[in-house]
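A single chain comes next, written as structure tokens; it is the form predicted on its own.
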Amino acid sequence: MTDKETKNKKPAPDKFMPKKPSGGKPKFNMSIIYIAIILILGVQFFFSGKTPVETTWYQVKRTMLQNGDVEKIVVLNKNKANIYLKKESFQKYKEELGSGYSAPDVNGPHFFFTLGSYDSFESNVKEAIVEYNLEEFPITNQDTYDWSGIISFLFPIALIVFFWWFLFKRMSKGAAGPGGGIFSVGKSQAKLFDKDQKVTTSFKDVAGLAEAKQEIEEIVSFLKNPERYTKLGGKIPKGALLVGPPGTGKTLLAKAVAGEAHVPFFSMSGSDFVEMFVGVGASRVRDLFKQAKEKAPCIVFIDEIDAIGRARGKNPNMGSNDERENTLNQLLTEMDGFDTNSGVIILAATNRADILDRALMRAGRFDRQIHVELPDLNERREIFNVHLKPLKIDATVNIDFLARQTPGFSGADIANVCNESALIAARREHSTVQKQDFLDAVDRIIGGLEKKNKIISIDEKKTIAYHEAGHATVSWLLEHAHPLVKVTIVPRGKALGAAWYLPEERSITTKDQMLDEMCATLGGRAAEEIVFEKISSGAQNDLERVTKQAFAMVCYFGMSEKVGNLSFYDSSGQTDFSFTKPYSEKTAELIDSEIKELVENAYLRAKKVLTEHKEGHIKLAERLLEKEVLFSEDLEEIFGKRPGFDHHKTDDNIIANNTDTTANIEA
């Protein structure tokens, strides 16, 4: 080994050395205690095991003294005599002394017996010396304590007490969280971030969410410079509720607040308040706010607050005492009760704001509701810029193109796309992550894993090809249907075939657009009936989606002439129609007939389109059977330009659409 290698080589870590956490303070290692216990047990077993063999004075006199084998006698506390044999006589008594760790060694003592009277014992020894004409040997007295007996008695008790304490401590940690025993089960489990334990996440790490960040930054700014607001008589909001779909960055935004605020930051989940013991949730709420008041000014963040903030009186336990309601009552009292919490700001996050209690949402508790929605085109571009930094991407990768290919993706979805693309590139042994790797990652996330080896008969494959070609044909020829990206008959996930669309991002959707989308969705079923004169179960997903869309048009959006401008949708979530429908039986029959008529008209329209363009449909299906994957260029070659579609339209003019959350897949 060279000198350079010797310098660079790090010494192997000692597994018995105390580990140091991130804070630098050494952490006590429990393995030291285990090793100490094993050593103590070994020492006690080895040394305390050398015990002399019990005998009688008669045996000592008639055997040991008569043969001259006794070297000395030691009397302990004038009631026990230990006999020490001469070394040359040790082998004579080997059989009586036995073998093993408990057997006496050559140094003794070898035998012992209990004295009746010390004076009579002393006179008996002198008589034996004279009788057997022996040389004088010493008889000594020692006043000692039997430590081995005391240790043998106390050590098992101490061992039991130690293990009981150890198990009790571990169990109490599981019940009461960090730093708590079984009697601290009502203590708060909030994790504190302060100057000693900083969070590295900042607002720079949160891409998009410009409006939400502005609201949150105002709270952070108040904590840093309160005079700027108080001199005008303003008060900072007591609480802010982050509301939005999963994966949009609510918790990430809260982490950024912890990294930017430079004030104590308490973080915990709503489920941490819920416990099997009665009154624990309310006790933890009280303890949390007690700690927060001591650290004020500070921020308290409660993630998934719907775990305890659900509307009261609507729980499935039919009026029985609910621990969650008691916890919510205590939270309401602490947030805006008789005792003010000056300097304590509450942040909370949920994706189910419709089920929260109205008292929790009122001004004075959560003054602001910050909606964190799915990112639009520009925000997706910013999110891609953040997550592409650690990746080694190819120069041909266009971030604007990736943003356009992922409509309806949340921030978590985009992070997953970037990670999945890197894994795909590594699997293909690419030196950089290329454009096709990103496209395959999007397909993998939307449609699932590709199953090229799935066993499918020739007739089934032909049915799937004409089914998917029907979707592609109708969607291409209708003006308001989503533009097709590609269509495939390669099984992916649970789908035997799939069609990828690129939904236009829009804020509102018209009735014509919905009817065209329904017609395109039914194109697969219509194609099966026209070509094969029979239908299959492959259109189950299509029928399910069309039925839901027709129901929404009639019952939610008021798009039925017979039902009228009525909506039976409760966007607040505080509905009182838990067990009854908000309309009569006659209206229900009318709704059913209108839904059926909408679906039937869309189906007939799809059949009409396919009949008029039968040659193109068959040509597309046959090409799909041959290539298995077709793109929009193939449809443009067969059918020409899409009607009413501006191919020169820039994506910067597309408006965000909240109704389409992912690129659609037709099964």
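Residue positions are given as counts along the sequence shown, with the first one as 1. Here the structure is a predicted model, which means the values were calculated and not measured.
The protein also exists as the form predicted together with ligand ATP; that form is not presented, and the subsequent description refers to it.
Subject >> in the model of the complex, the residue from G259, P109, G448, P245 that sits within 4.5 Å of ligand ATP by heavy atoms >> reply: Of G259, P109, G448, P245, the residue with a heavy atom within 4.5 Å of ligand ATP in the model of the complex is P245.
Original post:
Among the candidate residues V546, A441, I393, L252, which is the single one with a non-hydrogen atom no more than 4.5 Å from ligand ATP in the model of the complex?
Top reply: When ligand ATP is considered in the model of the complex, the option within 4.5 Å is L252.
**OP:** Go through 200-208, 122-130, 399-407, 287-295 and give me the stretch that gets within 4.5 Å of ligand ATP in the model of the complex, heavy atoms only.
**Re:** One stretch meets the cut-off, namely 200-208.
Original post:
Should the three residues N351, I383 and A415 be counted as contacting ligand ATP in the model of the complex, with contact defined as a heavy atom within 4.5 Å for each?
Top reply: The answer is yes: all three residues contact the partner (heavy atom, 4.5 Å cut-off).
Original post:
Using 4.5 Å between non-hydrogen atoms, is E460 touching ligand ATP in the model of the complex?
Top reply: Flag for E460 set to no.
Original post:
Do H387 and ligand ATP share at least one heavy atom pair within 4.5 Å in the model of the complex?
Top reply: H387: yes, in contact with ligand ATP in the model of the complex.
Original post:
Using 4.5 Å between non-hydrogen atoms, is G411 touching ligand ATP in the model of the complex?
Top reply: Yes - in the model of the complex, heavy atoms of G411 and ligand ATP come within 4.5 Å of each other.
Original post:
Wondering, does D376 line up within 4.5 Å of ligand ATP in the model of the complex on heavy atoms?
Top reply: Answer no; every heavy atom of D376 is more than 4.5 Å from ligand ATP in the model of the complex.
Subject >> Sequence-ordered residues of 453-467 touching ligand ATP in the model of the complex, heavy atom within 4.5 Å >> reply: Result: empty, none.
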